[in-house]
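Next up: a single chain in structure tokens, the form predicted alone.
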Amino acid sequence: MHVLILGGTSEGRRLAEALVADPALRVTSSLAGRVAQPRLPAGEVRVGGFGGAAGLAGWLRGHRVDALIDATHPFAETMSRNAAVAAAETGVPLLALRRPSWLPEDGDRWHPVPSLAAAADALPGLGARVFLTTGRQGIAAFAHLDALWFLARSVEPPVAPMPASAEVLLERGPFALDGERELLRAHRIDVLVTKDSGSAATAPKLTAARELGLPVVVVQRPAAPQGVRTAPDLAGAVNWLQELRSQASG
């Protein structure tokens, strides 16, 4: 069975590592290629886009893919939509591996918003020194907020335009709670902006913000394509593959 994992996340890497140990599976991971030095998963790896849903459908057919797992970031909306269209066109079974959303706890001061633009609109009334953790491609949405100061953290240098007053911090998670506490204090942060990635590796910033009583603007994730089966964790994805294999052998 040839399994194609649309990856680039920690879940995708862990899934590939678990599956390559099975000699009955051929595992290929596809990475978007937006990070210059990505953490490569086990098994076969391809890098780069497919050319939309039609290109992905052609790749599925040409490489005789038997199962497709969308383990992209929860905000990779275009790729997830293309996967759903390509799977429907080719008849290849599709599973979306989606880590659960973060949930607010007692003491949190969350402000849920539907988009980066809405997050930018909400900021002026919440704080003046912003810790921005929306990724390098999302920083442009805040470029017009000249009255605010930003600490922008991303894995690679941000994409222009940038806010007039901004300091860039190039770091890759996971992040420890003590480090996040110190970061917020040292930069006198009074508001945090984040996407609801649901990742445990980046969740300590939420705890640090709660302890300091800071408001947190949370950009809600887009809905998964309709009709696509989902699993919240690695075990769910493995079980789904086992179901497919049982059906094929039966």
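Residue positions are given as counts along the sequence shown, with the first one as 1. For clarity, every value in this text was computed on a predicted model and none was experimentally measured.
Just so it is clear, the following notes concern the form predicted together with a small molecule, a form of the same protein that is not shown.
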Report task. Using heavy atoms only and a 4.5 Å cut-off, decide whether all three of S154, T194 and A200 touch the small molecule in the model of the complex. Result -> no
Query raised in the report: Pick from L145, A76, V168, A140: which has a non-hydrogen atom within 4.5 Å of the small molecule in the model of the complex?
Result: A76
Query raised in the report: From the list R61, R185, R46, R39, which entry has a heavy atom within 4.5 Å of the small molecule in the model of the complex?
Result: R46
Query raised in the report: Tell me which of 158 to 166, 79 to 87, 102 to 110, 145 to 153 has residues with heavy atoms within 4.5 angstroms of the small molecule in the model of the complex?
Result: 79 to 87
Requested in this report: Using the partner position in the model of the complex, report whether V65 sits within 4.5 Å of the small molecule, counting heavy atoms only.
Outcome: no
Report task. Would you please decide whether L31 lies within 4.5 angstroms of the small molecule in the model of the complex, comparing each non-hydrogen atom pair? Result -> yes
Query raised in the report: How about V3: is it within 4.5 Å of the small molecule in the model of the complex, going by heavy atoms?
Result: no
Query raised in the report: in the model of the complex, does G52 have a heavy atom within 4.5 Å of the small molecule?
Result: yes
